[in-house]
Ligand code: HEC
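Below you'll find only one chain, the form predicted alone, shown as structure tokens.
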């Protein structure tokens, strides 16, 4: 590898301003840390619990159902009402709104097909089970299995799309049809892979030793990336998706309103165990049963109180941020981690965060780096007819 990759950085965090199209000096261990965040995109894993995962006809049906407000009790709300196409699959609100205001922010669906726990609290262990939850939740869509089943049977387009996806006409079991609808929607959501970003171009150029291409990455973003590597952000935000997919307490208050708390992962694990749709139940299509091992062996501990899923840093949407939408901008998020006190952590587990103590200049550089993980994505066209 070229010698410029191994040159010693005199002072990463106090770098002087640099001109455009300039490459900072990168140590070999820094290069390897950057390399771990790619390549992008990796193949989307096929979910063995969903027999129509990766099925184009199922994804097509799932997209139509995702946009259909008739799944809700009043016919006014679809999945796309909160997960808005063209807005990074979020609604831009601090807290989602169904039939009432909810306690948590609507998460982005970008790259959701790579996950193994779903929802801010991990109450679902498959993407299809997570797709069922808002349909049935009385605070959100307030639908039911009979409504979904009737749509699949009675709407000619949906019935045709179902037959193409599942190889047979919709049956008589309402709950089974609800699950099938959710599995089709999961097949669709798994196709939502975020585009390559400026960071990815820089990573690949850095690894290839292409100094000219790497130099096009903004210098403030390079400084911010060095900080990201140095202070250990990748302990939680690691790998190509910039997330470990697990849960942590990062010092965000857990009160939802006076006298009420959101226990996060602690409650989520209780809901997971009680769910008829978890991977230990009869709707898991995996004949080996191996896909349910994680669910079988996960432990519900008091230290899970106040933990929430570590989100991906890729294409996170315009904000607000954190599970409860408490922080409006990336600047506020970086400020939180720069100033967070261990006294604000409310679990009894091993603390996952420490005060970074960034200067204003370093904070600006970190934000500049984080912005290079997103690109503008044009609005997605509405799905057309399922069948001629």
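Positions refer to the first chain, counted from 1. Quick caveat, the model's predicted, so the values are computed rather than measured.
Another form exists, predicted together with the named molecule; not displayed. Remarks below refer to it.
Across the proposed site, 37, 207 and 225 without exception lack any heavy atom within 4.5 Å of the named molecule in the predicted bound form.
Residues of just one listed stretch (91-99, 215-223, 280-288, 297-305) have heavy atoms within 4.5 Å of the named molecule in the predicted bound form: 91-99. Shown alone here, residue 180 lies farther than 4.5 Å from the named molecule in the predicted bound form, counting heavy atoms only. Residue contact check for residue 125: none of its heavy atoms lie within 4.5 Å of the named molecule in the predicted bound form.
When contacts are judged by a 4.5 Å heavy atom cut-off, residue 197 does not count as touching the named molecule in the predicted bound form. At a distance threshold of 4.5 angstroms between non-hydrogen atoms, residue 203 is out of contact with the named molecule in the predicted bound form. Proximity to the named molecule in the predicted bound form, defined as a heavy atom within 4.5 Å, singles out one entry of 64, 53, 340, 330, which is 330. Taking 170, 107, 85, 245 one by one, only a single residue has any non-hydrogen atom within 4.5 Å of the named molecule in the predicted bound form, and it is 107. Residues 228, 231, 232, 233, 236, 237 of 213-243 are found to place at least one heavy atom within 4.5 Å of the named molecule in the predicted bound form.
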